[in-house]
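The chain below stands alone and is given in structure tokens; this is the form predicted on its own.
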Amino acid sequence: MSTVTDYVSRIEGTCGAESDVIVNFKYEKKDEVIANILKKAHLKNTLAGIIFELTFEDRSFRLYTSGKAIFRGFKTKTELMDFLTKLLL
């Protein structure tokens, strides 16, 4: 059975007033990740098919075709991992 770590390469935090979390997906899995996310999440907006603004469970985030996603409003890594589990698996 797959886990989130099978898809996630790196998780980084940003600094500033609003702390965002940048999730980089593994290169060899990024197409599968993007397809799974686009099936489950609600598309709010897209920019030239490269950047997708999505919502899932009342949380908005951005997904890039490069295999990167930016999430806002997560206080702990556990909370983020639970969200990613629902989104990816």
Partner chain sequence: MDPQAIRQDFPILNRKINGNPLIYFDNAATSQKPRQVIDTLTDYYTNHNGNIHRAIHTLSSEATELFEKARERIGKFINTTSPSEVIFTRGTTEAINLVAYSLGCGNIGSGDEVLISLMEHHSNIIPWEIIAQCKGFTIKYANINKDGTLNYDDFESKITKKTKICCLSHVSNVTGVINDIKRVTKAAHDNNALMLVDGAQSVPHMKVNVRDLDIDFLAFSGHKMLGPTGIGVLYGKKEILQKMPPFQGGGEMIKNVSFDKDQCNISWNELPWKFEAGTPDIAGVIGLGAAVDYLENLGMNNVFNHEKELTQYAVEHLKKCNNITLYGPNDLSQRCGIIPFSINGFSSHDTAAMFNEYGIALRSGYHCAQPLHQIFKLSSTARASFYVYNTKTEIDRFIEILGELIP
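What you see is a predicted model, and the numbers here were worked out from it, not measured in a lab. Residue numbers count along the first chain shown, from 1.
A second form of this protein, the form predicted together with its partner chain, is not displayed here; the remarks below concern that form.
In the predicted complex, its partner chain lies farther than 4.5 Å from every heavy atom of K77. Proximity of E28 to its partner chain in the predicted complex falls outside the 4.5 Å heavy atom cutoff. Using a 4.5 angstroms threshold between heavy atoms, R10 stays clear of its partner chain in the predicted complex. For the chain shown alone, E53 is a contact residue for its partner chain in the predicted complex, at least one non-hydrogen atom being within 4.5 angstroms. Scanning 44-70 for heavy atoms within 4.5 Å of its partner chain in the predicted complex gives L47, A48, I50, I51, E53, R62, Y64, T65, S66, K68, I70 in sequence order.
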